[in-house]
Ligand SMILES: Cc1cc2nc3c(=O)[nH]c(=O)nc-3n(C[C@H](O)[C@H](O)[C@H](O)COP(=O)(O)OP(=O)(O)OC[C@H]3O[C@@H](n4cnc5c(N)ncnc54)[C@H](O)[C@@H]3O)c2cc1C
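Below you will find one chain, with nothing else, as structure tokens; this is the form predicted on its own, and questions on how it binds or moves follow later.
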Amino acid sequence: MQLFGSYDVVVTGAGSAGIVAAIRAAREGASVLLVEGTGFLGGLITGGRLTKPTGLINSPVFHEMLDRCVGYKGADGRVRESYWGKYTGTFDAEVMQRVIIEMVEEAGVEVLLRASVVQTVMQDDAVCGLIVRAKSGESLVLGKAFVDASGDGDVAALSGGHFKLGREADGLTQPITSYFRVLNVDVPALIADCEAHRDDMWEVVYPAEATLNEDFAMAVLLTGFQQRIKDKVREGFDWIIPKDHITMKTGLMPGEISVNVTRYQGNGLNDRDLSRAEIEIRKQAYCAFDFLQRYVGGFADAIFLEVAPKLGVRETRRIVGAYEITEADVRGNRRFEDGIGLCNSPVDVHEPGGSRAIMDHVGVGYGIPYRAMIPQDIDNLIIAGRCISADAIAFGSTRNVPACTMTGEAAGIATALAAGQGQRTSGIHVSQIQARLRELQVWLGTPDSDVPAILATTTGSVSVEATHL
């Protein structure tokens, strides 16, 4: 078997967590390889068209990514507020892809695309290498420290790590989805329609001063239409989607709308389920487009553009870590001595096997403990992104971009420190990571840290009653 290369830090997965981890580790002085299974960088924030962080960004690397997008006139950098709390503005997926490529190359990160990790190489209980399979066959990648940002916890699972999958009662996971994009929408007419049916809307966020289509670009967030769906189904419309509401947001182009409504119940680790999801989600997207054209103002002359090229798998493995973040931690704004980031992302759970969803405000947020990133019984591997250790409801918050990018920052620092000091990741104390994060002005979520002013002004007046699925 050929040796692909030897690196200080190897990051698997180039979604938001992996991108941040790779850039941060490289900026800390490490040689870095970023391994990704698809042909693009960014994961769901680019290929999945997931262009609105659900919560405030607390990652210096991701802040810079957003700032650069603003510089290219491809992002709304303002902080917005919905009923579930404050969030950082929307960006365009392709502008974000451009920025990611720039920042990865500037940092000196080597990228290996269209490559899958098929085996780990262990020395005692520590990861020391990966076997990856790409077009030219299998090869060996050696590293001093590793980050699993695969989303699915692939490296941890291949290393023998323990994990949880789905709800404790039945093992069902949150459903798979994909955004679809529509052009030529009359957004002022859409807003007028939503205002006229305000009792059927959960959120209607838009700039009050806007009048023209271009004024609404990247600044509108709408959720609702539940009663309208029920009414039209009773009248005979064939609504094939197992979801009872629609969420949409405006994009960079005037009249561009991204719609989040599709839902397929399946296992994101099962090949047949993933293949079927790709087809069923497209059928659902066409159904939703027909509904919008017929029954929602502003869509009469709309043009169907695309279904996002990357499937939106919400949930697979949750790696069992040294600590499991709980629903009580999230809802109770718990702080941790080993906190590496303060997260205000709502509890966002799409009902496994059902049609409902919850989006619960968590106030000023909770700390993410570093221990939740440390897999049990595996050394030299840090978990970042949605597969960190959390229970099924807490996961509804930790799976979102803000938490993913925070864990990416911490993982990049931890692995760079380990490689630089010639020791395993277990030899790095969290205080070293926290010290660097403080220098970078990250809100840590520790008991002794102040609540940032921007979060202190958030009130519970826009929250909804906590719901349990």
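None of these values were measured; they are calculated from a predicted model. One rule holds for the numbers: they count along the sequence shown, beginning at 1.
There is another form of this protein, the form predicted in complex with the named molecule, and it is not shown here; the text below is about that form.
Peer 1: Determine which one of 429-437, 400-408, 23-31, 416-424 lies within 4.5 Å of the named molecule in the model of the complex, judging by heavy atom distances; exactly one does.
Peer 2: Selected range: 400-408.
Peer 1: Using heavy atoms only and a 4.5 Å cut-off, determine which of 307, 246, 95, 117 is in contact with the named molecule in the model of the complex.
Peer 2: Exactly one residue meets the criterion: 117.
Peer 1: If the cut-off is 4.5 angstroms on heavy atoms, which of these, 154, 360, 280, 338, is the one near the named molecule in the model of the complex?
Peer 2: Looking at the other structure, the residue within range turns out to be 154.
Peer 1: State yes or no: in the model of the complex, is some non-hydrogen atom of residue 17 no more than 4.5 angstroms from a non-hydrogen atom of the named molecule?
Peer 2: Residue-level check for residue 17: yes, a contact with the named molecule.
Peer 1: So in the model of the complex, is the named molecule close enough to residue 177 to count as touching (4.5 Å, heavy atoms)?
Peer 2: Residue-level check for residue 177: yes, a contact with the named molecule.
Peer 1: Using the partner position in the model of the complex, report whether residue 80 sits within 4.5 Å of the named molecule, counting heavy atoms only.
Peer 2: No - in the model of the complex, heavy atoms of residue 80 and the named molecule never come within 4.5 Å of each other.
Peer 1: Going by a heavy atom distance of 4.5 Å, is residue 150 a contact of the named molecule in the model of the complex?
Peer 2: Residue 150: yes, in contact with the named molecule in the model of the complex.
Peer 1: Give, in sequence order, every residue of 327-358 that has a heavy atom within 4.5 Å of the named molecule in the model of the complex, or say none if there are no such residues.
Peer 2: Not one residue comes within 4.5 Å of the partner.
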